[in-house]
Each structure stands twice: as C-alpha cells, then as structure tokens.
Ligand SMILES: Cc1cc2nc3c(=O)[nH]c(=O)nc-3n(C[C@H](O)[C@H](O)[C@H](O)COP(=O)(O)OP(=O)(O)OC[C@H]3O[C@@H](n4cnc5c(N)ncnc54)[C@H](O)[C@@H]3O)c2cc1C
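Presented as structure tokens, the chain that follows is alone, the form predicted alone.
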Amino acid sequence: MNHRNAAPGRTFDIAVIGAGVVGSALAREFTRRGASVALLDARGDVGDVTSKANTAILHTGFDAKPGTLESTLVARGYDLLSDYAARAGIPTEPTGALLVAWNEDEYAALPGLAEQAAANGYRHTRMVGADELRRREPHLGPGALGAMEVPDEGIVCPWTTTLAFATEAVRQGATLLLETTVTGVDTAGEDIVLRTGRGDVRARQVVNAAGLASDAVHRMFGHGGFTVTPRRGQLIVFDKLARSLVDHVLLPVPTKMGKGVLVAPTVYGNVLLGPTAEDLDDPTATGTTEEGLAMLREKGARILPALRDEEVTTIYAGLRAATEHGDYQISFHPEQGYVCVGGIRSTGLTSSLAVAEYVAGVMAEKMGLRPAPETASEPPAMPYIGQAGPRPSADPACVARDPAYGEVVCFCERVSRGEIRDALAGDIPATTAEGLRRRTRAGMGRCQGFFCGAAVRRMLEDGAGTPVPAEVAR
C-alpha cells in the first residue's frame, strides 16, 4: 500500500532511503527475503530524480573499469534486467551499439577498448571498417574511420523499470513513504530512528540509496570517504519521424569525463541526443542551458547531419551522482546496522537488480538477512508504453474486453482512457501530470500535450476509477 505519512510505533526490519531505481530494487529484494521494509523518498513519486532522466541504455558493461565492483555488477545486472524486463513487459530493444572513431587517435584506441571489454568478460566486440559502417548507418556524418561493434547493447524504458521494482516491493508488503525527507538519524537506542518532516521512522537496519544525497546521509551515520558532485546531463529528444535515421546506439570513444555525446533510438520511437557532462554544486539544477543545447546540436550535426532538419519534441536534463572515485561506493557497517549504496553512476539502471542481489547477499552473511528464496518471484505485469509493440488501443481483443482502451486521449502517443484510468488507480498511482506521463506517455508526444492536455488534466482532477487487471490490458 502507498503511504505518505510515517508509521508511528512500528519498527521495520529495514528502511531504504531513496526510491530511485536502485532503492526500489533493494526494497524488492528485501521483501522477497521476508523482511518488513519502509521505502522512503523525499519526492512525491518513485524514480523522480536521476532515474527518470538518463540515456536509458541497457549496458553490457564492456567499457567499465576492469576489476571494479561496478564492472561486475553491470555485467550481472544486464542479464538480470534483461530477464526481468521480458517477464514484466518492460520495453527493451536489442539495437546493438557502434563505438564510432572520428580521428586516428580514436581509431587507434579501439583495440584497447576491445581488450578492456574482454577483461570485463565481454568478448563479443568486433571491429567494423569504414565501408561496412557506412552501409550499416548510411546517415552517419562524413569522416568516420571505423567503429567497434558491441552487439548486445540495447535500450530500455527507465520509468517502467523503477515502477515495476517498487510495485513488486509494495505488493510484497513494503510501506512506501513519499514526500519523506530524512533530516537526521538517531542511533543511540536499540533501533535506528530516522528523523523526517513527517514523523520518525524506526528500523533495525538502514540502507542508504539516496543518490545525489547519499554522501549527506552517509555523514549522518558518522562516515565520510566520498562526496557526490551532481553531474548534469542535458539531452535533446527528436520526433519519431527521425527514428529511421539511426539503427544502433552510436557511441563516441569515451573520455575521463564520461561516455560523451551519443545518438540513440529510444524504446518510444524517438531519437535521443546527449548528454552533456557538467559538474555542478546545486543538486536541484535540472534546467537546460542555451550553451549546453548548442553544444549538443553541434555534436549531433557531425554524428548525424540529418538531425539538423528534424523536429525537436522535447529537451530535458538529469543529474547523476558522480564522485571522486572510479567505482560505486558500497560499504557495510554491521555494528551500526547500516549499509551505504552511494555513488551509483549512470550505469545504475542496468546494474540495479545486481546491486540489490549483491547487497542483500552480504547482509545475509553479516547482518542476519534471510537467504534468497530458491524460486524467482513473479514480477508485476507492467503496461506497455514502447513503440515496437502494440498499445492497448491497437489491440482489438483488448478493446473488446474493455472499450475504454479504444478511447484514445493522447493521439501522439496512442494513449487510451483505459491506460490513464489504470495509472491513476495503480498500486503506486500517478498523482501528478508528470507521474502520469511516465506511466502512460500521455502528453509526451509531438504536440507536448497541446491537444490532450485538458482531457488528461480533467481525468487527473476527477480521480481514478476501478483499474482493469493487467492481463486484460496486455
């Protein structure tokens, strides 16, 4: 059940701070092991910060730093998330990636990147010459010398992923505490007391998955060792008509500042350009800038010149939890009943289930958490919001079962009244227009809500009706 107030008098086995993709995966894993869980977040919805604004790449981990915890967890997470997405109905597409070299230095670096991939356990890379590259990506800009192919890279829906994890946790008994900011910690008693603006939350153990605030929470428990520097990534989303211009994720040769500016298809049928990499002091600075967008347009014109003539659907920016270290900052403090899962960078979407598996495994060894069950849990059937498969409004059998799925409200994204109704009455219901967009894509298309906005707002204000079981909507 979804709660917005703390639970006075109750002591949870585990409190997870942060309901992003990693925190939600942790809550799911802990409830699978029989723990009572409180999942806290300062925002009004799950996945409302870093998890909602990223490049949505399903990473193989080929370019992670060998020997790091991140490299291990991304590789494991790729397998876990691929399987989970298939079972839950989370949109994914196996596009593959091409790491494009634009000059001699970049081209000379490709064999070393292939060796790095092999050191990470990924041995499927292949060198692609200029002629083959041009055949496979005919709209690529002039001057590319070749590429390294990473055939198993893909794209995924980040919103449905986080919502699926949190929904499964809630269905297994987790208490979701939204708009609940942790302001302090009291560890003097038998239980840990989290001070929040909505009352105290008591737990026997606490797991810090607070993302951009993970270093601040870590200090509340008396620890240091890393500092989160918000790294802003601005992105441009092009209209669905641009989708035919690109077949793979087009990656640059990475630098120490990150993976650079990419061009990628999305599971929603658009084309994505970005991100920038700007280290900031303000953890709320999610606005775009004229300079950042101009830089992206310049880079995009070189990678895919035809993008200059394509319509932009929207722009956005996200913040990633960068630190001064080249690895995740996961540490265990059994004497305090505390675990830090900090510094989870842009690979956190892919690695989320593996992070949860790893953390729960160590907690089972050192902190008394129950062992993992022998059988996998059944994920919730999520509403499909991708482009590759049919939406309910295009499924005659679905419409026959419930005519509300045949009443299209948002024509740009083919969103029906039935889907909006279900999102408003779900296990974790949408309570804002933005939350509704992430669950259905209503208002996220070409017109950005110009035509459907009034109808969507009216449904949001009127409240939810009775949801239809997921198997009917699929």
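A quick note: this is a predicted structure, and the numbers were derived from the prediction, not measured. We number the residues from 1 along the sequence you see.
Same protein, other form: the form predicted together with this ligand, not shown, and the subject of what follows.
At the 4.5 Å threshold, heavy atoms of Gln116 stay clear of this ligand in the model of the complex, well away from it. Looking at Gly318, you'd find a heavy atom of it within 4.5 angstroms of this ligand in the model of the complex. Not displayed here, this ligand is approached by His59 to within 4.5 Å at the level of heavy atoms in the model of the complex. The shortest heavy atom separation between Thr55 and this ligand in the model of the complex is within 4.5 Å. Distance criterion of 4.5 Å from any heavy atom to this ligand in the model of the complex singles out Val182 from the list Leu296, Ala354, Val182, Val267. Between the options Ala64, Val37, Leu40, Val415, the residue in contact with this ligand in the model of the complex by a heavy atom within 4.5 angstroms is Leu40. Residues within 4.5 angstroms of this ligand in the model of the complex, judged by any non-hydrogen atom, belong to 207-215 and to none of the other stretches in 163-171, 304-312, 374-382, 207-215. For the partner-free chain shown, Ile344, Arg345, Ser346, Thr347, Gly348, Leu349, Thr350 of 339-355 come within 4.5 angstroms of this ligand in the model of the complex, judged by any non-hydrogen atom.
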